[in-house]
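Take a look at this one chain, the form predicted on its own, written out in structure tokens.
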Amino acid sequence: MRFAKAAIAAILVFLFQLIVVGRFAVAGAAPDIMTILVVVLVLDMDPVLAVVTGFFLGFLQDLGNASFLGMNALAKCLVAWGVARTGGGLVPESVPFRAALVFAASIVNDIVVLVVTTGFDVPLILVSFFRYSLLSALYAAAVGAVVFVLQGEIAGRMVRAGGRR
């Protein structure tokens, strides 16, 4: 059941990223909501499921650019593994901390993508990082904070209405 929920969420997030998110870009930077989903899956479900979902999302993302096939799959897997290793069971339930985790995950994801796409060209990596990656990570952290607040509100309502989750 968890795998089915994660697969449905992954497909919906992938379609939302493709169709909607680009329209809300700020100064050319848009949040990577697939990274947010990977962080949510690691923190609230199963880290292994998050790595598998991250690979699946990254692979779908890579299908749009076959010359770097596997790059986003690797980045999302590394993000899921890293969040699970650093935050597994030790992450406070606070929204700001989780948003900071989304920020860090977005930075790691972008560094992997920049290193591969620029062919290790350090000046180009630095320019792209400071021009797009930081703003995109801040944007993703803000969106992630909204997602975590909504997630908490929905979980609270479900507990109050039924007496259990």
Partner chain sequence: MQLRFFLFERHRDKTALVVAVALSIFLMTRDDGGKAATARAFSAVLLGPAVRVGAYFDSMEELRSENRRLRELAASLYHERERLVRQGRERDRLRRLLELREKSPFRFLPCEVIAHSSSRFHQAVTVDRGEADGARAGMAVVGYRGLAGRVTQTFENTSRVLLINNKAIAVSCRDHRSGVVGILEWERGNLFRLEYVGREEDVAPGDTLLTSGLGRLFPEGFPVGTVFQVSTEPGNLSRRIGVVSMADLHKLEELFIVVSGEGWDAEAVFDELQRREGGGETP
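Only a predicted model underlies this, so the values are computations on that prediction, with no experimental measurement involved. Numbering follows the first chain given and starts at 1.
Another form exists, predicted in complex with its partner chain; not displayed. Remarks below refer to it.
Asker: When you measure heavy atoms, are I107, L124 and R131 every one within 4.5 angstroms of its partner chain in the predicted bound form?
Answerer: Checked in the predicted bound form: no contact with its partner chain for any of the three.
Asker: Wondering, does G28 line up within 4.5 Å of its partner chain in the predicted bound form on heavy atoms?
Answerer: Because no heavy atom of G28 falls inside 4.5 Å of its partner chain in the predicted bound form, the answer is no.
Asker: Please run the contact check for N65 against its partner chain in the predicted bound form: heavy atoms, 4.5 angstroms, yes or no?
Answerer: Residue-level check for N65: yes, a contact with its partner chain.
Asker: V51 versus its partner chain, in the predicted bound form: is there a non-hydrogen atom within 4.5 Å?
Answerer: V51: yes, in contact with its partner chain in the predicted bound form.
Asker: Is G70 part of the interface with its partner chain in the predicted bound form - any heavy atom within 4.5 Å?
Answerer: Contact check for G70: yes, within 4.5 Å of its partner chain in the predicted bound form.
Asker: Look at the stretches 30-38, 131-139, 43-51, 97-105 and give the one with heavy atoms within 4.5 Å of its partner chain in the predicted bound form.
Answerer: Within 4.5 Å of the partner lies stretch 43-51.
Asker: If you look in the predicted bound form, which residues in 12-32 sit within 4.5 Å of its partner chain (heavy atoms)?
Answerer: F14, L15, L18, I19, R23, in sequence order.
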